[in-house]
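One chain comes next, on its own, written as structure tokens: the form predicted on its own.
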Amino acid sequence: MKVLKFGGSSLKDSASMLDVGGIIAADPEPKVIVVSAVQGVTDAIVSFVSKPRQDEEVQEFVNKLKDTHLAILGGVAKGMEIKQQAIAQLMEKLAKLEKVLYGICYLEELTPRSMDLVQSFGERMSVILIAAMLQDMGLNAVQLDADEIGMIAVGQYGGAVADLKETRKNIAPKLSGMLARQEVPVVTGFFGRTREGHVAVFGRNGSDYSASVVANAVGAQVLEIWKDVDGFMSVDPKFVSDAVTIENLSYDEAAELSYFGAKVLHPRTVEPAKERNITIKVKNVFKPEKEGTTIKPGGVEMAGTIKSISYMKDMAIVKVYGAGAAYKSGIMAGISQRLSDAGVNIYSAATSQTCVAMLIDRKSLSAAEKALEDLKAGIMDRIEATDDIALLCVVGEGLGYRKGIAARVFTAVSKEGVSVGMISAGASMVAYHFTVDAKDLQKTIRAIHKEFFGGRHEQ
């Protein structure tokens, strides 16, 4: 049994959705389908609610969403009864969305909880389209909203995680029963519900994570993540045109790449699958014949080399200076707590006798400086910040145990005249992380890729 997840880029119109339908219909195994919203819908909803609106704008916006979904439905479902049922279901969702939007408009208040609720409607509508299409193809498909079947979300709104044990208890009997009746469950990705019954989303690309949670719950052997790319690549093809697809990754390699910039998977997708040794396959919905990337429990080393280079742009380094900073008890804990309270994530940190340096998102820099301002009295002398930083992540199974890899990386970088800033090695046995000036990102990536993968050194 397997779980198949399809993202918004493969649900952008009738033609691409029919490609999805063909993949599902051609697979004879028992399966659960998890889907994202139609491409662009969630972004449109977020954009709409992010500024004050008039009554007439609400109606106009809802009508646009209706037209978008009805146009796709008309191209994927021909049976009149199936289509009428889907239209009725869509109208029900749109009516509820309209009420929520009017509420936000009248109150002139957008809370994290209401933001999560309104964002969930993209997936609630897309499952209706997918189920109708599959029914039209002769499959016994049934759409399901994740919050209604008991996917439990914990943590903060906007970036919740699933309670795997409680979710498994809730949804495993329901989905297993449906599969036994030869039904095809089509489940919303991206969100669950809190124990209090409120919608909470799992963050950007959260449908990948949802699918992994579902796979964990039902004990799937395989989780297929269908994207518009061939899988994980040796490097971003935007920088190196002869980048190659990576055939195999370990759980840890995939997690490092996802967390540090490779946008193929949601960073937490690996965790639920790893807990139950589920194989993850990343495949291209537009090239289903390609094998893509397989992520599995047993890592496959590539002797003497690395597998991939990922990166994060728009980073900043905050340095807190103070005499004996490294020796003062509780300094790092105090800094971390202040930044956490301000919603600032620390990607990496380093200390010296006089300084604590932290890597953060550039967009969080102002909040970080404000949060640390009151540390000055008796603890620090000054704060310095640099906001033109990029982070690179070099990944390979067993990297931390092999001699000479780091030397090759940094020799290739130095030949380009690039200065390396913060370095993190040892925290993970499958990755090195280091920073460079943002202006040097492209040539740094190309130099490392040429050193380990050959090919031309593009200019």
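Keep in mind the model is a prediction, meaning the values are calculated, not measured. One-based numbering along the sequence shown.
The protein also exists as the form predicted in complex with a small molecule; that form is not presented, and the subsequent description refers to it.
Only one of the listed residues (37, 391, 399, 33) places a non-hydrogen atom within 4.5 angstroms of the small molecule in the model of the complex, and that residue is 37. In plain terms, the part of the chain that comes close to the small molecule in the model of the complex, with a heavy atom within 4.5 Å, is 202 to 210 out of 68 to 76, 202 to 210, 244 to 252, 361 to 369. For the chain shown alone, residue 123 is a contact residue for the small molecule in the model of the complex, at least one non-hydrogen atom being within 4.5 angstroms.
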